[in-house]
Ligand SMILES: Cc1cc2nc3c(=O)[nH]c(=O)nc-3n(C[C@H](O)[C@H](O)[C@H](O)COP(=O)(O)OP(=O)(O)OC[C@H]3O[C@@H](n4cnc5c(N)ncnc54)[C@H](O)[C@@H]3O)c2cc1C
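Next up: a single chain in structure tokens, the form predicted on its own.
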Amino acid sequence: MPAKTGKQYIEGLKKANNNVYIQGERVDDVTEHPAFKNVIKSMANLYDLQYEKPEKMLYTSPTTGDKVGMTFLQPRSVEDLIKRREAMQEWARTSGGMMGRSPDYLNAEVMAMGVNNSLFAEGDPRFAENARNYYEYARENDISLTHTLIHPQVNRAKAQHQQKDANVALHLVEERPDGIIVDGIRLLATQGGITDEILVFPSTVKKAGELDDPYSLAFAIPNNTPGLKFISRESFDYGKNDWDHPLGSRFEEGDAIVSFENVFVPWERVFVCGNSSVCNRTFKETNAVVHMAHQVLAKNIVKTEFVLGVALSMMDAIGIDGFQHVQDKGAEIMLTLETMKSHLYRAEHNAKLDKSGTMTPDFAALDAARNWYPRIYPRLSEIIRILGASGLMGIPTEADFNHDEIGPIIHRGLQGKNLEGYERVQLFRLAWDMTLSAFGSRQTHYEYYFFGDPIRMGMTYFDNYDKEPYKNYIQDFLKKSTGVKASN
């Protein structure tokens, strides 16, 4: 079938009736529940955008001839890579990059896993075929995915098999002729329950070893599979209008704990089963981490453009753009944006074909970007807060402006250099919702931990960095200096 529409996405959720809980109650219909309905509308808009801009968002399926989502594309040239990235950025612009788990993130992952599937055959030849088939299935049915990667935070100083309750984490219970039984908990599924299926990633946050094999799993199943529960955190969509909460009211994706209670997974949906070595090599050897990082960099460029636009608008609104320290802070955001663009250019234009014939971006550029942005995004958020100062505290609601008595007072009292009170407060509420509200605070925390603990990531980056050329450079320099002195 061709790429889905927003209506089809919503109808699919209604029909699936996923097992979702929030605030101690099971949700009857996520498409109508206050915690989920608005972000579901935003997701639906993404699917509709595919048909509003088909030349940019769709391509012809190589197997069915249907028009399918561009974000599933297996790129075979640099031009293909750029086409796919431009489609990703079209989606990102609808939210200012504030939807970190729009469908393209996992679409890129299942593509990479599907075409570079030979690793999975180490566990069982059919697992490689499963990965290939699942990519085609997801692409041809425009499947929306959530994913889960992390084991519960019980005792991070110990491996899973050493925990006092070794069965709390998702683990293999039984292998049967028709599939496997799994049980336990996984964290942390963004958009859990408002998507079609869940992709259980191989957890790499553990040491490889035979005793951890029962926790070494990768598979994909529908979100309404019996025994599967999504336990959502408190929603940061507080039911306010788009004026008062311009971001949280539309793009609050939610995060969920995922409970597997003796869940059956058919063999055709299994990619890894009881092999910690394959688990720990999956992201690298399938190039999934490369294509996921490419999507993240593309999204974060749009996000930085959005932050810069808000910052410049605030400066202009209250006439602070002439101050030296304000310009310097604006320059910080600009430098971040241009650095990210440079990483993207290098990643795309130094791309090479991998063994599957997939044009794969330069990971060195992407790895630098994905390590750097989590460290810099909290500073971008801080800059917005500094620029707004007390103006981010004195932000009446739209209802205040509509009040006959106090509306004219605050409209006059909160005017800016270039904006009337109503328009200035609307802008500042956007800045507040991006940085200070529950939604905004979650954005900062989310970006900081996007790929994991930044310190641990930095250690891995340091360990893997090719240091020898730089050490050799210094050794050669010192040898030449010694030689010059000796000759004198």
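All residue numbers are counted from 1 along the displayed sequence. The model shown is predicted, which means the values in this text are computed figures rather than measured ones.
Just so it is clear, the following notes concern the form predicted together with the named molecule, a form of the same protein that is not shown.
Problem - Non-hydrogen atom within 4.5 angstroms of the named molecule in the predicted complex for each of Arg101, Leu149 and Arg456 - result: So, yes: the whole triplet contacts the named molecule.
Tell me the stretch among 296-304, 342-350, 180-188, 108-116 that has any heavy atom within 4.5 angstroms of the named molecule in the predicted complex.
Contact criterion met by 180-188 only.
Practice item. Look up in the predicted complex whether Pro62 has a non-hydrogen atom within 4.5 angstroms of the named molecule, and give yes or no. Key: Judged by the heavy-atom cut-off of 4.5 Å, Pro62 is well away from the named molecule in the predicted complex.
Notebook entry, point to check: Does the named molecule get within 4.5 angstroms of any non-hydrogen atom of Arg442 in the predicted complex?
Noted result: Residue-level check for Arg442: yes, a contact with the named molecule.
Does any part of Pro54 reach within 4.5 Å of the named molecule in the predicted complex? Heavy atoms only, please. Judged by the heavy-atom cut-off of 4.5 Å, Pro54 is well away from the named molecule in the predicted complex.
inquiry  = Considering non-hydrogen atoms and a 4.5 Å limit, does the named molecule approach Tyr461 in the predicted complex?
reply    = Although the named molecule is absent here, Tyr461 would stay clear of it in the predicted complex, with no heavy atoms inside 4.5 Å.
* To do: Could you check which residue among Gln324, Ser390, Asn402, Gln153 gets a heavy atom within 4.5 Å of the named molecule in the predicted complex?
  => Partner contact (heavy atom, 4.5 Å) among the options: Gln153.
Taking the named molecule in the predicted complex as the reference, which of Asp255, Glu140, Asp367, Asp237 has a non-hydrogen atom within 4.5 Å? The option sitting close enough to the partner is Asp255.
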